[in-house]
Ligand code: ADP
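So this first bit is one chain, no partners, the form predicted alone, shown in structure tokens.
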């Protein structure tokens, strides 16, 4: 188990992390999600032992591993790390990359040190590289390099696997493939995984819990479904799933949009913090869009993007631009068309967000 207590990290007058608190259960897959510069990589470096916090402390399995006055270095922690840039050594073969941590990691089991060939072969088979054991990095594709980096990290079977945007350098097809591989390896190794990413799709698809960060602070911690369907702040609502933040007033669990006093929308679990700001987050798929004669809020189509199974529209409503996702089987609209927007029936709203 990992416990992070009131951790702050400062670089001179700049505060990269502000009193961060969370815990990770053994075997849990945690995604740290946020935009560039939000502090997620700084947090990962603190967990790895590359730096000490300015205040607060970190415990791993009940052991104090980092505080302002004490730090246990990475080589003395039972961790593995996968870097964004792969960080492979050009003079080592695939096999040598996997054997290196087995030889030098202080937590490697004695039986694996005695038969490193067998352990290396087993790990390479796990990541599908058993036929490429004698290849050098220069002869590998991007996906194969990432598999080598993953194999090297899991070879000594660390308790904690830290991953810093490991798929960002891969194309979309490889990213989808590697998502499945990482999930499978997580199930097989039972390691706790801390996965840093700015890609909300990766976080939603892979994690047990998501920590959403912004400006060095934690905005929300929850399951993928909780973070997506019940955002607690305007930032989470707009960053995860790209909510349209409709302004208005809340009256007895009914929302009345500004400029449209005849509209009343039901409360589908909106956070109190958003209600206090007079906001109602609406996902792009929660809108029902009809022609100009339909009921609802009137708007004008600004852009149309065909996405295969969906069409993404940008609609201007009273000087606000809202995103609407419609099935390709729904009526289609063109730029400049006047349309009507209304919320889908409450039972369909819940279905659309899951």
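The structure displayed is predicted, hence computed values, not measured ones. Positions refer to the first chain, counted from 1.
Omitted here: the form predicted together with ligand ADP. The next part is about that form.
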Point to revise | Distance check, residue 60 to ligand ADP in the predicted bound form, heavy atom within 4.5 Å | key: no
Check your understanding: So in the predicted bound form, does residue 54 come within 4.5 Å of ligand ADP, heavy atom to heavy atom?
Key -> no
Practice item. With heavy atoms only and a cut-off of 4.5 Å, decide whether residue 38 touches ligand ADP in the predicted bound form. Key: yes
**Study point:** is_contact(residue 16, ligand ADP) in the predicted bound form, heavy atom dist at most 4.5 Å
**Key:** yes
Exercise for review: Please name which of the stretches 319 to 327, 23 to 31, 38 to 46, 292 to 300 has residues with heavy atoms lying within 4.5 Å of ligand ADP in the predicted bound form.
Suggested key: 38 to 46
